[in-house]
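Given next, in structure tokens, is a single chain: the form predicted alone.
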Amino acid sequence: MIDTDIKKNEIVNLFSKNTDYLISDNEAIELKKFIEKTKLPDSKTEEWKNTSIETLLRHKYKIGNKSVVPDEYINTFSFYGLDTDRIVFVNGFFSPENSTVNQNKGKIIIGSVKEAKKNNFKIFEEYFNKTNLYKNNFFSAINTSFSQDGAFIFVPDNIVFEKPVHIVNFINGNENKVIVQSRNLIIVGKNSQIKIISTYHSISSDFTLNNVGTEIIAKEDSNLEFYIFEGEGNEASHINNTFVHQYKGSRLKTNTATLCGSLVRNELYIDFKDEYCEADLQGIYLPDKEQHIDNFVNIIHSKPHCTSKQLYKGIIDNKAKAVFTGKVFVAPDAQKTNASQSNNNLLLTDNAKVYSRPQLEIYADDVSCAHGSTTGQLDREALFYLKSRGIPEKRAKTMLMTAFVEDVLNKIEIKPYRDYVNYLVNKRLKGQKVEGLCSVKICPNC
């Protein structure tokens, strides 16, 4: 039995050796008190009861350091046919030599949080650590307290990005078990529009833990598309806490694709601060072997006339496990709320497991809210029909699985990125090695 208090102190002491962090001294004092009284999540923690972090606590970590990534890696994890601004981070540290920013120079800021704190302190101070991310759980607390860098994107009012921004995150343990902390801050101004792709990759063959925190501020009538791709490999674990504040008339679209990971936990919090906000949230997850993937979504409807949609689909193979929890809270004043959530899962073996818990908590009476969850296996009648038309069984199964996730994948509006994800998903569903974006010949994980 692992002593969680010892492991907690071990992790905190590991990061306490450094001093160059993003938060102020006063914030550090407050966070230290919060961390001291915050326990590591376990089976008694309601929101984590189906996800054990024991696999994370078995290792003795080192802090991931700055390192150089060869161009062959950077080019491999770019999207064919997609011209983007690209910012690269290695072990959570900005890599300017691998990054390229061309569009809207002088109007917007694309770079690192550390640089923003130094060169744009007024903006940094106004928006950094202004959500409840820091007190969400132990991992978000230490991320806030001990992060040194991460992506910073500031879009002023009335700016439309024609091309997406690609945030490329590498973790490199250099043959060590490393823990990395990245802290991202994204601000989208009034009437502005931007598309962001954030991808996570590993070039380490040893166990790694990536602890990510992201704060997003979507101002009045802004439009943000935010895509997350997680493909760090079978020996990598990933914890991702994302907090979004939306203001009047803002529109948010997110799509999270998780293809692999020893333990992956995605937490997404949406807080509607004003009326007429919209959030369209989708996700796909394909755990294999003994992997564990957990998606937790929490939407707070605190104002009237807001709309939220959730659609998450998973295909679980071998002895893998998946967890989905979708929560919608409707406050008493949030009349005319329109909220829907759906979680659908396919189990490919008798040993695969999924825990699905869509939830509604409604305190207003003039609302339209719905939720649903399905878990099952491939339709035998549909499979028989395809086989009767001369289609081999293996191909027929792949066709049915592809059709199952197609509606989620088709919601990706950036075509080159959608093509890549489609390619990888089809490879996985065919039982082949994933080659292309998250696992190529130079990648040791697959």
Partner chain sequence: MLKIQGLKAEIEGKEILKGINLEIKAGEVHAIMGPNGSGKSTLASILAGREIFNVTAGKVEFKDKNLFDLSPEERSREGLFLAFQYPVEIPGVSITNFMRAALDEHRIHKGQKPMTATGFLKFMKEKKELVEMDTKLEGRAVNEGFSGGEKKKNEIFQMAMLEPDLSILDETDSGLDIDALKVVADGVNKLKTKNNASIVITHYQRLLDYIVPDVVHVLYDGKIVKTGGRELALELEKYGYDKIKKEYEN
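Small disclaimer: the values here were computed from a predicted structure and weren't measured. Numbering follows the first chain given and starts at 1.
Just so it is clear, the following notes concern the form predicted together with the partner chain, a form of the same protein that is not shown.
**Student:** Can you tell me whether Asp42 touches the partner chain? I mean in the predicted bound form, with a 4.5 angstroms heavy atom cut-off.
**Tutor:** Contact check for Asp42: no, nothing within 4.5 Å of the partner chain in the predicted bound form.
**Student:** Can you check whether Arg389 is within 4.5 Å of the partner chain in the predicted bound form, heavy atom basis?
**Tutor:** Arg389: contacts the partner chain in the predicted bound form.
**Student:** At the 4.5 Å heavy atom threshold, is Asp379 in contact with the partner chain in the predicted bound form?
**Tutor:** Residue-level check for Asp379: yes, a contact with the partner chain.
**Student:** Although the partner chain is absent from this view, report whether Lys66 comes within 4.5 Å of it in the predicted bound form, heavy atoms only.
**Tutor:** Close contact is absent here: in the predicted bound form, Lys66 is far from the partner chain, nothing within 4.5 Å, heavy atoms only.
**Student:** Please tell me which of Glu36, Glu30, Glu393, Glu54 lies within 4.5 Å of the partner chain in the predicted bound form, judged by heavy atoms.
**Tutor:** Contact check passes for Glu393.
**Student:** Where does the partner chain sit in the predicted bound form: which of 57-65, 22-30, 380-388, 415-423, heavy atoms within 4.5 Å?
**Tutor:** In the other structure, the partner sits against 380-388.
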